[in-house]
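Next up is one chain by itself, shown in structure tokens, the form predicted on its own.
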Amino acid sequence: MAVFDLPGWTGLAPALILAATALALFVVDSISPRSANRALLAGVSATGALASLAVAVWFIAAGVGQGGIDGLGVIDLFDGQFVVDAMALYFMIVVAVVTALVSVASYDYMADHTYQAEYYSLLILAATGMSTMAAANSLVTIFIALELTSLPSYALVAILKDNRGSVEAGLKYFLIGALSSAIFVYGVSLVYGATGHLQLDAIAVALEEDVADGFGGLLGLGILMLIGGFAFKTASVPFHFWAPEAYEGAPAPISAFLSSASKAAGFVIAFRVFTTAFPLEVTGELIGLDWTLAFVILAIVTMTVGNFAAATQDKVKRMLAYSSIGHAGYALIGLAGLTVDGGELVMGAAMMHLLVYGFMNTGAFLFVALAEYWGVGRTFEDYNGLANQAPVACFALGIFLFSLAGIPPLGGFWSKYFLFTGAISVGTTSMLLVAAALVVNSALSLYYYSRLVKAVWIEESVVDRDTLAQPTGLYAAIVFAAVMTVVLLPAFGPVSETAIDAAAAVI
């Protein structure tokens, strides 16, 4: 694979643009503390995210990591500590899109709240960490990027300081996050002890050269702890308990951000670590177990627990939170389906699902943000009859929910279809079980998503509502997310090709 040598800062331009945007927001706040110019703050935040998006798309168009039109290959930075390839750019795009949508929606949602400059700065800093995670190629840089993402996220969840639920959610998120970080770092130390390396490529070489012979148990325990750290970041069972509490207590745009962008960032490091550092054939011989089996179990349990829990919820936000856990189970199929001979099809399908999920799930949570802006309650019953006063927003909600359920011809159907066919193509008994679990859980999800559609479109309102405002930022973000959920259908060919090629490059 060709390596394209650029100055260090150039390859990480999408992440560095986000970092510069965060600093610009700090400067704006220092010049005019507690500025009432929320349009400037939201505009700077959204512009920075869109600039990051533009650079990432430009890099992909130039063929970075794919040997494209200009013959460019992987951008290798700082002696391999960071690698900007097609997979990194793909997930940088997902993070930038979600960040831009959340920034625009927050213009209205945060209108009456203090600490607006801090809010947008923390949002962009968290996005910076997520973009850096996409390119990290060492267990050390992965951990640093992970913490750069996590620390602002804890503060964002608790930023509504006068809201007891927000502060409590932030504290719970922080405590569980600290525990998961400790587990992850301990796993890193065990892998280093067994192999003598932290860079992912070097770990793979050490394993192939039998450096870790005699340390199979140590290596296996380290891999298990790494899986635990990734499971927390992606809200996978059994490290999912923080998600419903954090999503319900956080400002709804932050719930959208964490459940979409943060989840995608967690998956990109899991994809990179397990495809690069731990070759299946060698690792299986050393630890006496195929690590894909762990992901098969995680995928089935996570999608089942998430969907069954979502079906029992009475509050809309908690339903979406448990639904996001179920979708983490779907994306785990990308790791469960890896084989010694490859697995780029199933991993590419998981990457496609995370892109579509970034639009449909973010849009669904932003509708909840709109409902909270209107002062609507938390339960399904509180949403009754909203379509009578807000038909456009409720139509968009229907698109999001039916796409999440996998109803054709929306984007969510095609991403699940590719996941299903990818799982079937592996051909093993375990992956056939995973494919069956995908179908069963998708059918179950239609039940609880339909409950909300029924509430807003069919049920009569239980309260008399005044005319509902139509906030520009929230409506713009919701409508754009809905349009993209539909428009992705004709673009699925090139999107799927890009995702599969990106997956093939790292496997």
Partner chain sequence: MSVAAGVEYYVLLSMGLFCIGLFGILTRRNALMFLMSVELMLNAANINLIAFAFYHGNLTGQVFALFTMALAAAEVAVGLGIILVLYRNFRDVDVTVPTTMRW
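Just so it is clear, the model here is predicted, and its values are computed rather than measured. Positions refer to the first chain, counted from 1.
What comes next is about the form predicted in complex with the partner chain, which does not appear here.
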Given the stretches 349-357, 106-114, 248-256, 90-98, which is the single one in contact with the partner chain in the model of the complex, using a heavy atom cutoff of 4.5 Å?
248-256
Interface residue in the model of the complex among Gly326, Gly422, Gly170, Gly406, criterion: non-hydrogen atom within 4.5 angstroms of the partner chain
Gly170
The one residue among Tyr383, Phe230, Tyr322, Phe271 placing a heavy atom within 4.5 Å of the partner chain in the model of the complex is Tyr322
Consider Leu175 of the chain shown here, and say whether it contacts the partner chain in the model of the complex, taking contact as heavy atoms within 4.5 Å.
yes
Please run the contact check for Leu151 against the partner chain in the model of the complex: heavy atoms, 4.5 angstroms, yes or no?
yes
I'd like to check something about Gly165: if you look in the model of the complex, is any of its heavy atoms closer than or equal to 4.5 Å to a heavy atom of the partner chain?
yes
Look up in the model of the complex whether Asn388 has a non-hydrogen atom within 4.5 angstroms of the partner chain, and give yes or no.
no
